[in-house]
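Only one chain is given next, in structure tokens, and it is the form predicted alone.
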């Protein structure tokens, strides 16, 4: 612990994620995503999530990251899904209403953030694999205990599901079961009007079952995308 955190003077945002004219990160007006947005097939939702923002409220401060990589997971027909073997105490969120946070602990060292999809009783979910940090970079660096000296260091913060969760302070105890669509939640997903483009799809990564399904969606060319890049153009 105790690594130096040097983030002053960094100007990665304009280079990495242009916004609509006149819109600055601190002035963005976030439009909360609705329950109906998540009440669909994860494979339909996933490419639409790209370009949206993940937001954590920490008192008067916001941690904000643009979603650049996600993976879709289905239910009984997807051997790689946590819901494949049926409902348990651990995965019950995936079988409930859409739009709720599902967090699991993996490899004994990091958490993964997911959201439930499809109608109540039908399991489905989406894993958040990477975001591009927009606001709260110093706080993210402190949470990750990494040194950020230039824009090239920023992927250390949120490229990959474990890094993302640590940067945003996401744990199962703190966040599992939270409502992504509630204005009262301190963790939510919203739109700030950013038009995502160059959306591509690949097979999912880091799994051993159903490895050929093309259910991983990314914004191509974004430096925060993790893993291999054997791509199919969707847009």
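Keep in mind that this is a model prediction, so the values were computed, not measured. Numbering follows the first chain given and starts at 1.
The discussion below concerns the form predicted together with the DNA, not included here.
- Listed residues 174, 209, 35, 61 were compared with the DNA in the predicted bound form; 209 is the one with a heavy atom within 4.5 Å.
- Between the DNA and the residues 117, 134, 112, 141, the one pair within 4.5 Å by heavy atoms in the predicted bound form involves 112.
- Put simply, residue 123 is far from the DNA in the predicted bound form: not one heavy atom of it is within 4.5 Å.
- Within 4.5 Å of some heavy atom of the DNA in the predicted bound form lies at least one heavy atom of residue 94.
- The DNA is not drawn, but in the predicted bound form it has no heavy atom within 4.5 Å of residue 76.
- When the DNA is considered in the predicted bound form, residue 154 lies well away from it, no heavy atom lying within 4.5 Å.
- Along 181-203, no residue reaches a heavy atom to within 4.5 Å of the DNA in the predicted bound form.
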